[in-house]
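As a starting point, one isolated chain is supplied in structure tokens, in the form predicted on its own.
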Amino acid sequence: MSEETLTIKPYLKAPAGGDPYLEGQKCSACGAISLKKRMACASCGARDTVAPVKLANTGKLHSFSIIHRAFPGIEVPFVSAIADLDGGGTIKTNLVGIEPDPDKITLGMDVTVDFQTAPRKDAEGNEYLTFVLKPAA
């Protein structure tokens, strides 16, 4: 088992002694933010103009889908969601802390990014830090 905090995605940062956060790549030419580092901005096509930026932990629910079928061992139903973060950046993850009922979920609702240990370990027994969305309090 690893001593360092392993993260489920490279853009999820877990600094030693600090709070985890999501890191995007912001284009200095057009201001577009993406999660993955690219050779050119996906919005304006400018090259070598992206720099890392810490993303907000708050945003608005953009889209969601209630999943009723999944791989064996994955509990269903669950809510797969896309959120637009305040200040820029869009993430896709699960929405938790709310009943998977379309009548209880509202597009545009305030959400927060929450960091937690993934529910499963890898083959070597390593735990991973992951992120989910929760309805804002």
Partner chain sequence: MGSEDVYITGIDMIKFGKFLDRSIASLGAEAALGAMDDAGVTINDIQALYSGNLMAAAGMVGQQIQEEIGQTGIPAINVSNACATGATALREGYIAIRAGIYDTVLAVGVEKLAGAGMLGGGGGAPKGLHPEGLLGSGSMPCVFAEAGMAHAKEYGTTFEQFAMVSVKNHHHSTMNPKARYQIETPLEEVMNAEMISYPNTKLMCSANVDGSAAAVLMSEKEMKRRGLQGQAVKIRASVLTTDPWTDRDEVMPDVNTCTRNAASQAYEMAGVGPEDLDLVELHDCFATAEVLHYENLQLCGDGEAGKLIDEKQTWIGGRIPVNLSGGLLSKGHPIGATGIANQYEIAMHLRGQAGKRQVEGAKIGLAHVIGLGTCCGIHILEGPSA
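Residue numbers count along the first chain shown, from 1. Every value quoted in this text rests on a predicted model; they were computed, and no experiment measured them.
Just so you know, the form predicted together with its partner chain exists too; it's not on screen, but the next bit is about it.
- Taking non-hydrogen atoms only, P52 never approaches its partner chain to within 4.5 angstroms in the model of the complex.
- At the 4.5 Å threshold, heavy atoms of A14 stay clear of its partner chain in the model of the complex, well away from it.
- Although the partner is absent here, S63 is a contact residue: one of its heavy atoms lies within 4.5 angstroms of its partner chain in the model of the complex.
- Under a 4.5 angstroms non-hydrogen atom cutoff, its partner chain in the model of the complex lacks T112 among its neighbouring residues.
- Although its partner chain is not shown here, in the model of the complex the stretch 67-84 places heavy atoms of I67, H68, R69, A70, F71, I74, F78, S80, A81, I82, D84 within 4.5 Å of it, in sequence order.
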